[in-house]
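Quick setup: the structure tokens below cover two forms of a single protein chain, split into structure 1 and structure 2.
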Structure 1
């Protein structure tokens, strides 16, 4: 996979730190581990890039010890003329993505996550989606149904001919049923995430600052019930139908949701200093870890790709303390971060993993 021809690794419990210069294969290693959890790369949508240049196949497999016992997970990518194909296995049996997903829970933190506050809403939506899809299979299923119907609706609106109203109605019905499920799940999750993130944030600021996370659904609703949300959704679709036809875009629904991050009641993106924004992102990531830990009843794997080197030592230490007792973590860094103790250290040089301190 990527620059690795072959690698076998038996990581230690606790902290595993991969140290090496740039472009030696540190992130590739983490990417491979995350692939076993989420089934997707945390870096790219073009999965063909995961296959080593000049080869047609990439395969990663691992044994994980989870609450349910030991499981063997595998993911194989095969190059095809138009991209790549992925096959998933659990205990040697080939399974669908929906079955594979969530067998091993992973929380990853990569430099791109630092834009959770100052990036566009799509960054926050995909953060919510990947956390929730890992946690609930039904969320992934509804998301896939929603996105399919949305693409069909968009294509219909963009077509030269006037959209067939009956057909538009059929896609809108799917958007409402799946979209309502997404909104309910996001609402619950953001509430739990907000509570966990603001708790750790309060500890860091000695209670001087208050971090607040608020779910900002595109379709606002009064009561958090399926009927109320679906009702508001239908109403907004009816009211917006004319505008959607004119602008040829699907304007209504959770594909336009956002997540607001406020510090002491003021928008962090607009008013927060860079330091405040970073601390908030760390708190959100610690919150994600805590919520996933609590909801699944087991500690997720923690993957930190190069973020500790981007943070000052004080914040790096605060983050690791915030996460608390993780069972296993994988960290990459160009230099051994001072914040780490009791770590198993490996040096990565030209796609080779050399145990022992560098």
Structure 2
């Protein structure tokens, strides 16, 4: 995959640190591991880019020990004239993506995740969707139903002819049913995530700063019940129907939700320094790990790409020692902040993994 022609790796339990210069294959390795959990790249939407230049096929496979026992996972990408085709396998059997997803849970941090703070709402919605789809297969199903109905409604609104009101009603009914399930799941998840991330952040900042996460649904609701949320959704759709027809776009629903990140009561994007923003996003990722672990009873893999680059040596060492307590974590770095007794250290050079410090 990418710059790897072939690699076999048996990582150790606990903390695995991969050290090397840039462009040696560190991020590519974590990307491959992530594919076995999420089935998708955390770096690109062009999956053809995952296949090494000059090759037509890329295969990633691995064995994981989960609560249900040992499981063999595989992901094969084949180049086609239109991009690529992907095949997923579980224990040697070809499966659909919906079945593959969640077989191995993964929490990852890459530099692009810093846009959780300053990026558009779509970045934060994607984060929520990715976390919840791994955790709950029902969430993935409802998300797929919602997105299909949303696409159909949007096409109807943009058509040359006036939209059929009966057809719009059918699409809106699906949006309300699936959208309500999405909002309930997001609301519960953000509450748990906020508590976990705030606790982690307070420990890292010695209690001097308070991180707060707040779910910002597009459809406001008073009670956290299915009837209350669905009723509010239906009312907003009725009130906004004419505006949607005029603007020819769907304006109401969880496809316009957001997630607020505040530090000491102020917007992290507007007032936080780069260091504060990075620390907050890392706390969110570690909080995601904790929530996923608690809810499933199973520790996910923790993948942290280039996580130390903006941390001073003391903070970097403290962070690594804390991560070393997790069941299994993978970290890439260009250099280490001194010796690490709790870590298995590897050097990556020209897409080769060499045991031992650099």
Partner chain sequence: MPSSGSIAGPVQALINELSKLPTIGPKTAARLVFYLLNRPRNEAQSLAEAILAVKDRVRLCSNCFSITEEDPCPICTDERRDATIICVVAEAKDIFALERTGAYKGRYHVLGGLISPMDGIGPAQLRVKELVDRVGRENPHEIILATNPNAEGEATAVYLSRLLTPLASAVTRLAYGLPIGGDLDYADEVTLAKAIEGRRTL
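Note that the structure is a prediction, hence the values are computed from the model and not measured. Take the two forms, find the largest set of C-alpha atoms that superpose within 1.5 Å, and that set is the rigid core. Residue numbers count along the first chain shown, from 1.
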item: Pair member which, unlike the other, is the form predicted in complex with the partner chain; value: 1
item: Did residue 204 shift 2 Å or more between the two structures, C-alpha, core superposed; value: yes
item: After fitting the core, residue 80 CA displacement of 2 Å or more between the two structures; value: yes
item: Post core alignment: residue 276 C-alpha displaced by 2 Å or more between the two structures; value: yes
item: Between the two structures, C-alpha offset at residue 20 (rigid core aligned, Å); value: 2.4
